[in-house]
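Shown here is one chain on its own, the form predicted alone, set out as structure tokens.
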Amino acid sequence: MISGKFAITIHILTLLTKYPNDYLSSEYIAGSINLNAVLVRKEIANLKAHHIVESKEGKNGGTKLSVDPSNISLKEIFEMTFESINLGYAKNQPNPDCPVGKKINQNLSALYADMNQKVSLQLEGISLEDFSNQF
């Protein structure tokens, strides 16, 4: 299912791109997003696992970008956040004797695959730097 993770991740990375020489605290980032710092740290942990950011502990600690923002696409960031777009399926198994029920999940899967392809193509051509330059 889609959540706000992509928006949170892009917000974090855009802030870090705007302040390339600074270690930004999770509290500062959370203040910009208007979100609990615990949720910010969770997304930062995912970015660290993908070697996109580095962190430093202590009084002057925080997080900063560890990659060139011109070398990472929004598609790559999306894929770090989600494997794919999935708007979900019905909780109960549809009735296989119904003309709609027997094919609904198959047709939804095809729709989701098409959506993922289109989103990937759109995001592929936008670098983090390009996106960040809008601010």
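Just so it is clear, the model here is predicted, and its values are computed rather than measured. Start at 1 and count along the sequence shown; that's the residue number.
Here the subject shifts to the form predicted in complex with a further copy of the same chain, a form of this protein not shown in this document.
a further copy of the same chain in the model of the complex is approached by residue 122, whose closest heavy atom lies within 4.5 angstroms of it. Put simply, residue 46 is far from a further copy of the same chain in the model of the complex: not one heavy atom of it is within 4.5 Å. In the model of the complex, residue 41 stays away from a further copy of the same chain, with no heavy atom inside 4.5 Å. The closest non-hydrogen atom of residue 37 lies beyond 4.5 Å of a further copy of the same chain in the model of the complex. In the model of the complex, a further copy of the same chain lies within 4.5 angstroms of at least one heavy atom of each of the following residues of 88-108: 88, 89, 90, 92, 93, 94, 95, 98, 99, 100, 101, 103, 104, 107, 108, in sequence order.
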